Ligand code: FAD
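So this first bit is one chain, no partners, the form predicted alone, shown in structure tokens.
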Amino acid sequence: MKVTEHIAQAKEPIISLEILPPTKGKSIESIYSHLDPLMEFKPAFINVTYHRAEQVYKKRADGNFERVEIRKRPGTVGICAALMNKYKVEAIPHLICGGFSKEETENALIDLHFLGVKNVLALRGDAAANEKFFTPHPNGHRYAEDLVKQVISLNQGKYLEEDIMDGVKTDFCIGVAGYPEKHFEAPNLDTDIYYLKRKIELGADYVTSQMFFNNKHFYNYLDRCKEHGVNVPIMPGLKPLTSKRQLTMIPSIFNVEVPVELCNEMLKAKTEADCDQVGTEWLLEQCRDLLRNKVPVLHFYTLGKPKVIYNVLKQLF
């Protein structure tokens, strides 16, 4: 079922989760042990992130260095299939521009269509670790809206090889990212929403937001999107903050604000358990407030702390 259908048919708020593929060499059991307790709350869909290859230098026997390409977290398509088979849940793979050619993207979409995947999340992705600014694959896309266009084309039966006539039409529901505190590269929030609206006008169906720790940012974002004519579902992205290190790491990586109150409570914590408790209480209150304001979905970035999210959901439902 498509995300938009889940939302339209739901009689109560929907839960969704997001996971990372395991690093190469690790078992998928690490995913299952992460998700098994959370399945008690019947998430409607599970997002699986997609990761570009990295360029690293390895020393050869002759003393020289050779640049090699390593993908540390492969397996997104396979994990989607495994989740659908094990949990009977919708799996949503991320698609990214960075590091992938148009042909690789098309082949991934064909595989996903064969597997019965109904939804994808189309993202530009981050710059490579050795790059200051995002550089697209030579035969890939520079912007997420170009990726949306490719998915729409495949939905219309239009393939990269122009000699394919009467190509099978896919039927992907397309999600895109939204940034309540604006994308760090955008000069202002209005410009950021302008580009979001372009993706919606091209055919994107829903928006999943970047994490935020102050609900006022999300409500302001909803209002501004509505003013700009963005009327698709916008899902709030939620993540527990559970360590003092994250007070600087999360703003640095994700360009989001940590409220003073949350920061002060975290700094008072003396143990890891205390930090978890602070994060749990803050996330719980965020969720309660969002539910009071009738959000249709609570989307949780579960990376690293499924137990905290479990405790929050247990108190909510």
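The first residue of the shown sequence is 1; numbering continues from there. Note that the coordinates shown come from a computational prediction; the quantities given were computed from them, not determined experimentally.
FYI, the form predicted in complex with the ligand isn't displayed, but the following is about it.
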Residue-level question: is Gln286 within 4.5 Å of the ligand in the model of the complex, judged on heavy atoms? no
Quick check on Trp282: any heavy atom within 4.5 Å of the ligand in the model of the complex? no
Given that the ligand is not shown alongside this chain, does Gly75 nevertheless sit within 4.5 Å of it in the model of the complex, heavy atom to heavy atom? no
For Asp192, is any heavy atom within 4.5 Å of the ligand in the model of the complex, or not? yes
What stretch, of 137-145, 83-91, 220-228, 154-162, brings heavy atoms to within 4.5 Å of the ligand in the model of the complex? 137-145
Could you check which residue among Ser209, Gln150, Thr170, Asn215 gets a heavy atom within 4.5 Å of the ligand in the model of the complex? Ser209
Do heavy atoms from each of Ile96, Tyr179 and Phe184 fall within 4.5 Å of the ligand in the model of the complex? yes
At 4.5 Å, heavy atom to heavy atom, what parts of 114-143 sit next to the ligand in the model of the complex? List them in sequence order, or say none. Leu121, Ala122, Leu123, Arg124, Gly125, Asp126, Tyr143
